[in-house]
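Below you will find one chain, with nothing else, as structure tokens; this is the form predicted alone, and questions on how it binds or moves follow later.
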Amino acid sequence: MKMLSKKALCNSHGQDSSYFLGWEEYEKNPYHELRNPTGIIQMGLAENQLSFDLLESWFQNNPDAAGFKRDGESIFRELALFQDYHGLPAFKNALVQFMAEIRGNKVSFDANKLVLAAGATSANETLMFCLAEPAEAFLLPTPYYPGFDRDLKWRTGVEIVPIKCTSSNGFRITESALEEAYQQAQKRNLKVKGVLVTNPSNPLGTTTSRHELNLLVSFIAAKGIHLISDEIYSGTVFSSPSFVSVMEVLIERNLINTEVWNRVHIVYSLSKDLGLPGFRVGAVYSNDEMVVAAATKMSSFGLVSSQTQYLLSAMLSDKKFTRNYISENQKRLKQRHEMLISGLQNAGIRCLKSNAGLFCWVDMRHLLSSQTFEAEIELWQKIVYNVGLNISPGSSCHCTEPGWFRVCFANMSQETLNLAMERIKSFVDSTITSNSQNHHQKNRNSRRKSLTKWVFRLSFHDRESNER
């Protein structure tokens, strides 16, 4: 052990978080409708499997792309040989056009400012390496994606300081919360280098409002720091209000080619919007030439394969396909979201109102034995082990209030989701019945004690009367 590095021995990866522990339990006992019908249903994985048929249909109708051919001729050798880390121009151009299409073409992107990475995990870490030194800090609004403790901190040494948001306003970012987080960092002698937000939010499933984006831009301008907008769920917005990219706000405020313009960076990926996490396609977009240059050099540690780039450049260049996919995928997400909301409501459980993402932020505070994080973990363990559902407790997302959970809905069939809702309703019904019985028993015991005291007082009074 002593021969290993401090990095190998440190415990800052976050693997011991309940978020990852839930996955481990699922993997030990995964649900399968035939082979393991009583197993754990995975509702802790934000994966989009609702539109696979559209992707598979495109592959079948475009055999040249899937077979690595161009005009009927094989280009396997061309793709298999060395490619530099700048990426294929055709793919980068197709990707920035897809990003603009998702944003309603209200903003455009320059392929020369795009750096490819092996997923959003790699893209976020690359930006940390570019923008901050070890022991410097980024501010993140809570609740936030549990994986950020790994992605942003583990190898970079960067610290995360929470911007504490609460349910009182739907977990919205406020000016006072931003300032409080900044002051807290200073008390810890941490130099703040920036703010990172997910828009739409993971785990809330809400789009960041124009007001919040303006607050953030004003804040980073006043402090002279960076803003990273992780927009990997931008194509999952299925109802109003519509998605607003931070780029749109910068343009509205005439901040093009200013210092602030150069300090705002976007992370994107095809894992959520296109449902292709296994393809490992992510990107950093920055207006700062030095950030682009540095990130490009770093990208050699996490490249996207040439075969993947070629295949997806053909798919994303098919405008008829992308237009239909975006529209149909959003419709399916909305339908599945409504199914989850309805099923939870039937069990007496409410959710934060949301309009995006592959999950809901679920309020189970009324099911806690006490309003503590210990009670939250106790409830979570019951839901994982007894109910057979892996969901993510709010404490793993650094939520400031116990009793909230992230529940995913797009990584399973409709039948599996229905079964999950049946399980949760049965659990809630039994919990309420048990609590009611305990309450009646306490009342009965209390009445019994009161009666005993009354009889004692009465007999004592009679004895005193006889003695007198």
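Numbering starts at 1 and runs along the sequence shown. Remember, predicted model here, so these are calculated numbers, not experimental data.
Unshown form predicted together with a small molecule; subsequent notes refer to it.
Note that among 267 to 275, 236 to 244, 313 to 321, 337 to 345, the stretch whose heavy atoms approach the small molecule to within 4.5 Å in the predicted bound form is 267 to 275. Contact with the small molecule in the predicted bound form, judged by any heavy atom within 4.5 Å, is made by just one of 383, 140, 232, 213: 232. Between the small molecule and the residues 121, 296, 209, 355, the one pair within 4.5 Å by heavy atoms in the predicted bound form involves 121. The closest non-hydrogen atom of residue 148 lies within 4.5 Å of the small molecule in the predicted bound form. Contact annotation for residue 329: none of its heavy atoms lies within 4.5 Å of the small molecule in the predicted bound form.
Under a 4.5 angstroms non-hydrogen atom cutoff, the small molecule in the predicted bound form has residue 280 among its neighbouring residues. In the predicted bound form, the small molecule stays beyond 4.5 Å of every heavy atom belonging to residue 309.
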